[in-house]
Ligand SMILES: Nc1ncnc2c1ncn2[C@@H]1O[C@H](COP(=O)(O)OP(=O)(O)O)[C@@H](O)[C@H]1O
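To begin, one chain is listed below as C-alpha cells, in the form predicted alone.
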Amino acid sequence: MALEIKGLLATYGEGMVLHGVSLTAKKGKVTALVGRNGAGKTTTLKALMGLVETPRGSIRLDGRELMGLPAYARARAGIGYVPQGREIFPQLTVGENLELGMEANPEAKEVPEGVFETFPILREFLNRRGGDLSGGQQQQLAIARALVAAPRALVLDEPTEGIQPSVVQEIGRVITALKKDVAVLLVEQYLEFALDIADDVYVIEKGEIVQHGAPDELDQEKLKETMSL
C-alpha cells in the first residue's frame, strides 16, 4: 500500500510553486515532509488532493493514477485529508461532522468502532457542536472525520498547529499507531515532533526536495540551515 508522487509541478496563477516534487509514503511508515514556511509543504498536499493546478506529474495510490481526477474522486479513491486549520464544521455536531466524512466512502454505513476507541472523547461529545470543542478536540475530530471513510492513505497538514503540548503527544501516539493500517503522509512545521514520529523524512526547499532519508540519516546541519532560511 503506497502513495507515490513523481515529478509534480504546481502553480498558483502564473507562478510555479513546486518544481518536480517526488516522494513515496508507504503503509507501515510515517512519512514526513518538512521545511520552513513557504517552502511548498502545504502546496504539495493541495496538489495531491487536486486543489491547485498541476500541469505535470504523477500521483498514484496503490498503482492507480489520480492526476486529472477532482478532489472528491481522490478522496473516494482512498485518500483521507486533514487540512491545515482542521476545517471542521463548527455549527454541526461531532456526529454530523463524522457522517459527512463517510460521504467519501459510499460503502461506509456507520462510524467504525475503532474511531471511538482511538478518540474516546468524541463518543462523549457526539451531540456537541464542533465549534464548542477545544483546539485539540477539534484536531481529533478532523482526523476521525478522515478515518471514518476507511482510507488507504492518510494525509495530515500541520496537525500540531495551535495545540497544547499534552495533546500534541497524544496526536503523535495516534499517528504512530495508525501507520500499521494506512500510509501516513505528514506535513509538519514542528520539526522535533516530525523527526520523533517519522520513519522517513523528505525536506523541501523552494518547491524542491533537497534531502530524503530516515531521521537519523539526515544531514542535521543542512537541515537546520534549511529550516532557518
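All figures in this text were calculated on a predicted structure; none of them were measured in a lab. Residue indices: 1-based, along the sequence shown.
Below: the form predicted together with the named molecule, not depicted.
Even though the named molecule is not shown here, does residue 17 get within 4.5 Å of it in the predicted complex, heavy atoms only?
Yes.
Determine whether any heavy atom of residue 29 comes within 4.5 Å of a heavy atom of the named molecule in the predicted complex, and answer yes or no.
No, residue 29 stays farther than 4.5 Å from the named molecule in the predicted complex.
Residue 43 versus the named molecule, in the predicted complex: is there a non-hydrogen atom within 4.5 Å?
Although the named molecule is absent here, residue 43 would touch it in the predicted complex, with heavy atoms inside 4.5 Å.
Though only this chain appears here, would residue 60 touch the named molecule in the predicted complex if you measure heavy atom gaps against 4.5 Å?
No.
Pick from 178 to 186, 31 to 39, 164 to 172, 61 to 69: which stretch has non-hydrogen atoms within 4.5 Å of the named molecule in the predicted complex?
Heavy atoms within 4.5 Å of the named molecule in the predicted complex occur in 31 to 39.
Using a 4.5 Å cut-off on heavy atoms, what residues in 1 to 16 are near the named molecule in the predicted complex?
Counting only heavy atoms within 4.5 Å of the named molecule in the predicted complex, the single contacting residue of 1 to 16 is 12.
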